[in-house]
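Taking the form predicted on its own, here's one chain by itself in structure tokens.
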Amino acid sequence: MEKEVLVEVKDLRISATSDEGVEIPIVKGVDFNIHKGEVVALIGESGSGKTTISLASLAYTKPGLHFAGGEVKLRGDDLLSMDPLKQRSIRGAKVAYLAQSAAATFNPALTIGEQVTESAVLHGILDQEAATKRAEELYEALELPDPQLIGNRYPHQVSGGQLQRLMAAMALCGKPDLMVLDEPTTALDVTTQIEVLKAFKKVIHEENSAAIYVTHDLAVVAQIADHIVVLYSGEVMEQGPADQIINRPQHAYTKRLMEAVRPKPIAGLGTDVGAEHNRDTDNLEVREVTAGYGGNVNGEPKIPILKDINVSVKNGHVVGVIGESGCGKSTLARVMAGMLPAARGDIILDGEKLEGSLQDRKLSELQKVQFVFQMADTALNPKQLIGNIIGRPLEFYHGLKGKEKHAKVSEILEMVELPPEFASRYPMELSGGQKQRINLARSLAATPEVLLCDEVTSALDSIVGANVIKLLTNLRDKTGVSFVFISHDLSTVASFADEIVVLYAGRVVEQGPTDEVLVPPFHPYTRLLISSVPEMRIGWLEDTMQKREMAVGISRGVEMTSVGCPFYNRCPMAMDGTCNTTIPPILKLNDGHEISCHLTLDQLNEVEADTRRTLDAAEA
């Protein structure tokens, strides 16, 4: 039976007008339909027009753009030809929008319940009592804790994954015909992403609502989309059912996108740096570090985050730090950089102990350890030229001025594979990937020994992200700089890192060479992370959620504990009376590979054997 067509997009054209009055086409004659109960995914690189096209379903364009032609029909009514007041009445009521950043969407001064119900009440769809009841039903459907009470909390009192699902509740509260989901899981860690995807899929099915899903992650698309539209530079390259596009792509660009999909994390993908750099010398060491926030009492932080951390970064090595949101990854980088002094423990650089606070460190020490921030948009001053942004550390650390500084800026731009002419541009004139390269170039201008990279590829599409990783690898080979690469993307870390440190609830649960950490025996938490990396296979999400470790591990969040193993409440192999009372011993394996666990190596290997038997039986 043919499903009802809800949205028809016909010959949609969107343009910008240059200062000289010349019309510049952005979206160039796009056609597709959305049926009731269907999820249509718009995929493509940054700049392909995904978000611009999706916003057209709200009869909206970003400032500087205008509709140049075509139709966007919702239940037969053309949204683009409606008067502005009618368009406004549709936004939030008939078509709801879910932004990429839930944290930026919610007002920190209002309770969650007020914000979730606001649109439904404002549009007169429901009264406050009915809207609150509807919200509580959605909280339950989205598998949020305490459905009757969570609406009384403020946004900062819930986790990132919970906030993302609450944003879905906000969109669904008024029972819209269509939801526009714009990269709703891009910035989430792998376990939270699965939780959110599962909830979205369940609610879209139960509500029989339709959705446009904007993303660059094809593995996510495979789990949620019914129909896929492949975009490049504002044009449709290919479209069709999800199974056809994923398993039998026809267009060369679609095939290229498929090749850029992040692989399942496997051993043996890392690269070796040239022999000219002494790789056996420790660049940076973290020794017995305990740190947190709120000040210290008797050598202990009031709000503990890191507990007894030991990490070593050798010259020219890449150390990948992985774990879910809230595990302490960024806090560890802040301690290394001196932004957050440790309550206890030492940071050693080239054999010399560093002061805890960056204010007390020497200029030469600051120059040797540089931080590359996650969001280039907020890290770069929008009112400064690129030449000034890169030139500042050249002047501050190396005293370069005038022609000498200008020449060095050009050299650094070429090092990050950007043309020297970019020096005269502003950040807003660059794409996301180009801004991230400038963010990196500014840190490289200091000529550091260690670069602390905090989630530098998480907001980039797979092709741009792969190019940034390739660039970092080339820089490591040329300069011998060491990297501490913080990420929740295990596939990226596996392709780039020499060693991996697995953090959970502020403690190192496993660490060692990449090839050792990614080969069993694993710590149960490492196994959960590896199992949570989406595969580009339709049905993977449902298959994965049937596994025992996923059912236990996904449903609960990270909790800081002072006794026992912090992973106890989520571990399918936890032993009562041991794991919840005693700090686990460290099992030492080959080549510096260490696992912090009460299970013996034989028991960990038996778990792996059980998993393989289960998978083989399922395939048979």
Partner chain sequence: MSEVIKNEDEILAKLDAFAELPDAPPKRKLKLSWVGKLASLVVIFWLVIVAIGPSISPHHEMDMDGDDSFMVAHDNEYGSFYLGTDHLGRDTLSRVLYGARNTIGIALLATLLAYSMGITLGILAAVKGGWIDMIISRINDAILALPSIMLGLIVIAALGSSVPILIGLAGVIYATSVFRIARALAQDIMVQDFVEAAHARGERIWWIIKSEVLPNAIMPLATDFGLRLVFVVLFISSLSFLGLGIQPPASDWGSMVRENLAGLSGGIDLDGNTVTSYAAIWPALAIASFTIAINLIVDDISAKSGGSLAKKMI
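All figures in this text were calculated on a predicted structure; none of them were measured in a lab. Positions refer to the first chain, counted from 1.
Just so it is clear, the following notes concern the form predicted in complex with its partner chain, a form of the same protein that is not shown.
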- Item | Candidate spot Arg287, His406 and Asp515, all three touching its partner chain in the predicted bound form (heavy atom, 4.5 Å) | no
- Answer option from Glu235, Asp217, Asp226, Asp477, heavy atom within 4.5 Å of its partner chain in the predicted bound form: Glu235
- Candidate from Asp77, Glu129, Glu417, Asp346 lying within 4.5 Å of its partner chain in the predicted bound form - any heavy atom: Glu417
- Within 4.5 Å of its partner chain in the predicted bound form, counting heavy atoms only, one of 535-543, 487-495, 322-330, 365-373 shows up; tell me which. 365-373
- Does Thr61 reach its partner chain in the predicted bound form, with heavy atoms at most 4.5 Å apart? yes
- Query: Might Gly402 be said to contact its partner chain in the predicted bound form, defining contact as any heavy atom within 4.5 Å?
  - Reply: no
- Item | Heavy atom of Gly299 within 4.5 Å of its partner chain in the predicted bound form | no
- Query: Applying a 4.5 Å heavy atom distance criterion, does Asp602 contact its partner chain in the predicted bound form?
  - Reply: no
- Query: What residues in 357-391 sit within 4.5 Å of its partner chain in the predicted bound form, counting heavy atoms only?
  - Reply: Leu358, Leu363, Leu366, Phe373, Met375, Asp377, Thr378, Ala379, Leu380, Asn381, Pro382, Lys383, Gln384
